[in-house]
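First, one chain by itself in structure tokens, the form predicted on its own.
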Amino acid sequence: MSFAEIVDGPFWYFSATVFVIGVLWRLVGMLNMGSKTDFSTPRSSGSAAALSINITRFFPRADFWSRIRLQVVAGYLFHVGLFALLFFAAPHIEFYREYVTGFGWVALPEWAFILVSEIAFLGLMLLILHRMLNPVTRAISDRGDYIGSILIFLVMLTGCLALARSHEVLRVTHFFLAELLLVYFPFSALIHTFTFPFSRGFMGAHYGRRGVKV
């Protein structure tokens, strides 16, 4: 069996299985952690605060804007761009139709794909540079933060290079790196993609019951 056949076959099923089971394991583990019973009389609705904080945290507080605007702008450029690439790039839709969903949907035109790719690259590069150059962010970053960023960068880069599909090596390299990312994903900080609504909700409910505005 050639390397390409392994990447297209067994390693794809292995990485997809690790990804699904790993994400479920992390979510179930987090939800089963529970919390101490709060015997105090609630001053406000914890559920409403949990919902509220999940919405309001998408927008930076005005008090902090001048200090975090780079991270906020770069974060939105990267995350929105990556979302568009993942779910609306024609090769990805073709892949989902063949391997996952059995159906497809309307794809971005090629010019939009290129534009979105550049936006996502710009956001990711700004975030990496900020992590490396800002003293506070650098101090709280660990090796896993850099590994995740570099893996995503390489997956995006090889994906753009493989867009023309004229070189099989590029396609296989892109697919292999994406599968490595799937294996790494559940055991890294990238899991925040799925856990952030729960962590935000927990914090919102905690402070909401105490009447603290969040």
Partner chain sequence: MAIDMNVFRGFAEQIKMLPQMARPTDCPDNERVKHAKAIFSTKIDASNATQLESCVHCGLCAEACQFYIQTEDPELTPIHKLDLLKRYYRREKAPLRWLHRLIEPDITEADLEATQHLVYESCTECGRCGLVCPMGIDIAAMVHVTREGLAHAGLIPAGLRAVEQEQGSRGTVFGVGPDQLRQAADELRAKGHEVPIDKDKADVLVLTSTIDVLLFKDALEATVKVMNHLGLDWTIHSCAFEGANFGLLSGYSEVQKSASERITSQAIALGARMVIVPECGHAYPALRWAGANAHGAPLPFEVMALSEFLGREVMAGRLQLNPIGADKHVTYHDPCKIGRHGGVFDEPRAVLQALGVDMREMPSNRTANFCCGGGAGLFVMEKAEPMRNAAFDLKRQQVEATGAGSVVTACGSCRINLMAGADRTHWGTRIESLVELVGDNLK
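Note that the coordinates shown come from a computational prediction; the quantities given were computed from them, not determined experimentally. Residue numbers count along the first chain shown, from 1.
Form predicted in complex with its partner chain: not shown, discussed below.
This chain is displayed without its partner chain, yet in the model of the complex the stretch 140 to 148 from 93 to 101, 106 to 114, 80 to 88, 140 to 148 comes within 4.5 Å of it by heavy atoms.
Among the residues Ala189, Val183, Ala48, Leu154, the one placing a heavy atom within 4.5 Å of its partner chain in the model of the complex is Ala189. Taking the partner from the other structure, its partner chain in the model of the complex has no heavy atom within 4.5 Å of any heavy atom of Val20. Of the heavy atoms in Val7, none are within 4.5 Å of its partner chain in the model of the complex. Proximity of Phe198 to its partner chain in the model of the complex: non-hydrogen atoms within 4.5 Å are present. Not displayed here, its partner chain is approached by Phe202 to within 4.5 Å at the level of heavy atoms in the model of the complex. Scanning 44 to 65 for heavy atoms within 4.5 Å of its partner chain in the model of the complex gives Arg57, Arg61, Asp63, Phe64 in sequence order.
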